[in-house]
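Next up is one chain by itself, shown in structure tokens, the form predicted alone.
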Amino acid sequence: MAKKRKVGNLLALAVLSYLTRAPMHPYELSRTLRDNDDVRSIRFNHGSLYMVVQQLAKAGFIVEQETTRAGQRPERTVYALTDAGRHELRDWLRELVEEPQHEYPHFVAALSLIAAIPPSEVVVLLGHRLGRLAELRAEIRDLIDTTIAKDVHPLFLIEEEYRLALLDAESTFVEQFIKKITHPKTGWGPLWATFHGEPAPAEERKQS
């Protein structure tokens, strides 16, 4: 069971992780997050980052180290990781790796209500989704190959490999779902279509 944490925003986990490298001010943390393309994994903006930094400081996971000013720029407070923050980082990561979490993907929500759309339309929409999934898979594969070609170790791209595996699994699911709707003998199309006062999907009628 997931623990209730003092700061539960996943952005906090990234901040703690990057502060293991060296003390940083929020602007530097923001730049590091973007340079490492963490925006693909963790949603954030400058406002949410500053809020998380304040929450981590209040919880005792990070501490102000110094305040600096360069030229006419505003003062910037540099934060360092505390021993409590280091422990929180490792404990939190262990939990996330070990314990599956119940999440709420948008596609799952749509599937739970899919009967509200006629099967003929659903088949078309799923076909479009398959095309988009293929595009996303190609984009991620290209990202992985291009980054590895720059001598970046594959370990630092493992989240992209995971995304690719999820897209592969989803593509297989969508293909199977289409078959369950349109199969000439066992397809769900006819019964589903009657709910909407429509004939069975064209592909099903053609194969029957």
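For every residue, the number given is its place in the sequence shown, counted from 1. Since this is a predicted model, take the numbers as computed values, not measurements.
What comes next is about the form predicted in complex with a further copy of the same chain, which does not appear here.
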Site check Pro118, Glu121 and Leu126: each within 4.5 Å of a further copy of the same chain in the predicted bound form by heavy atom: yes
Proximity of Gly60 to a further copy of the same chain in the predicted bound form, heavy atoms at 4.5 Å: no
In the predicted bound form, Tyr50 touching a further copy of the same chain (heavy atom, 4.5 Å): no
Contact of Glu161 with a further copy of the same chain in the predicted bound form (heavy atom, 4.5 Å): yes
Thr146 within 4.5 Å of a further copy of the same chain in the predicted bound form, heavy atoms: no
Stretch 99-113 - residues with a heavy atom within 4.5 Å of a further copy of the same chain in the predicted bound form: Glu99, Pro100, Gln101, His102, Glu103, Tyr104, Pro105, His106, Phe107, Val108, Ala109, Ala110, Leu111, Ser112, Leu113
